[in-house]
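In structure tokens, one chain follows: the form predicted on its own.
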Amino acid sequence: MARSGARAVGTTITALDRQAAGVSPRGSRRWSSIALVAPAVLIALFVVGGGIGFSLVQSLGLLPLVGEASLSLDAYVANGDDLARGIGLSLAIATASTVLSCIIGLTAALVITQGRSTGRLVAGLSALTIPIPHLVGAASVGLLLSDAGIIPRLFGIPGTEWPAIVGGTWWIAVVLEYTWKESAFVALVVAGVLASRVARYDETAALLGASRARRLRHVVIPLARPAVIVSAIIIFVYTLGSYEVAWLLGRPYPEPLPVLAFRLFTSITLTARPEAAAVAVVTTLISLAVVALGMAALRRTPLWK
């Protein structure tokens, strides 16, 4: 019953949007949109596709730095245990960071769209967070939360009694840094979507007698869902392949996939280059699978149809 109600609200919102825009749902705008994005897509395919293709060929032994070229999967099994641990660790970090970022970012977006002074303050803080590089954020987290950092010294807590937030077993500092940065990204993206649409629908639903909880469930959340899904895809893929934060704030072992790939790539052993390429290819395949799942979820939203 609840799902049918949400679907009906979503369908109504979509119809109102199309009516307001005055266009057919799948008309000539499709081709003009394709023409506008085609140059960017072609450049991205050339750069990204070329890099992925080179890594794939090298990982299969067809482009060795030394020795004869031969098709094999040796690069994928040479570090099998480290690769398996890296996959599990990278998925855990990316999942935790994405979930926390989306929850905090969606909450901040709801506060921002209220239009009050608190919302403007949250919007300002979120905007200030975006230009700060992840490398600076990671260094700041390390200086604040390590056992010899500013916060334990400020409270007079000895390093032996301070929890292992930086370099600990649970990679807390890495997840905190990603959550801090990416939640601001989610907040601004979702607030931008809600600010242009939520007011009139929320007011209409209020005039029809819907309570605040029902408006949040059947109007605000459906409107924000596509932006949250897209933001989650971007955050997951980025954190899965990001190197500097995990290298600065994580443990030496086990290594996430990007740290493992970089260590193998910079090894003095030239035969380790195909192994680094194999790790990069595995990371890419996981990212593509996540993007496919995210797009499938996005197509199931009422606003996409």
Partner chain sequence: MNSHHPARAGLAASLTLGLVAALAACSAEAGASSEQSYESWDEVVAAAEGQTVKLWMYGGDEQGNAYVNDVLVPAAAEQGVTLEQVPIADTPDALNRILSEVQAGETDGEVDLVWVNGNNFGTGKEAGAWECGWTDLLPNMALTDPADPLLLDDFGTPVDGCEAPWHKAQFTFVYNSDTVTDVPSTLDELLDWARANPGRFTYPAPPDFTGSVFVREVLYSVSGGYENVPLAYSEDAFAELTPTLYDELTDLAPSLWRGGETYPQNSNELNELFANGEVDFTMTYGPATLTELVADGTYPAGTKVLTLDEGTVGNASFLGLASTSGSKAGAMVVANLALSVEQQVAKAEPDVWGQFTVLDLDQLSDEERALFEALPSSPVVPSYDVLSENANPELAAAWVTPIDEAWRAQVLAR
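Positions refer to the first chain, counted from 1. Only the largest set of C-alpha atoms that superpose within 1.5 Å between the two forms is called the rigid core. Everything numeric here is computed off the predicted structure, so don't read it as measured data.
Keep in mind the form predicted together with its partner chain is missing from the figure; the text below concerns it.
The single contact residue among Ile234, Ile221, Val198, Leu91, judged by any heavy atom lying within 4.5 Å of its partner chain in the model of the complex, is Ile234.
The candidate spot formed by Trp31, Ser126 and Val190 is out of contact with its partner chain in the model of the complex: none of the three has a heavy atom within 4.5 Å. In the model of the complex, Gly167 approaches its partner chain with a heavy atom inside 4.5 Å. Among heavy atoms of Ala35, none comes within 4.5 Å of its partner chain in the model of the complex. Although the partner is absent from this view, Arg116 stays clear of its partner chain in the model of the complex, with no non-hydrogen atom inside 4.5 angstroms. Its partner chain is not drawn, but in the model of the complex it has no heavy atom within 4.5 Å of Ile130. Of the candidate stretches 140-148, 102-110, 206-214, 117-125, only 140-148 has residues with heavy atoms within 4.5 Å of its partner chain in the model of the complex. Taking a 4.5 Å heavy atom cutoff to its partner chain in the model of the complex, the contacting residues in 54-91 are Phe54, Val57, Gln58, Leu63, Pro64, Leu65, Val66. After superposition on the rigid core, the Cα atom of Leu42 is displaced by 2 Å or more between this form and the one not shown.
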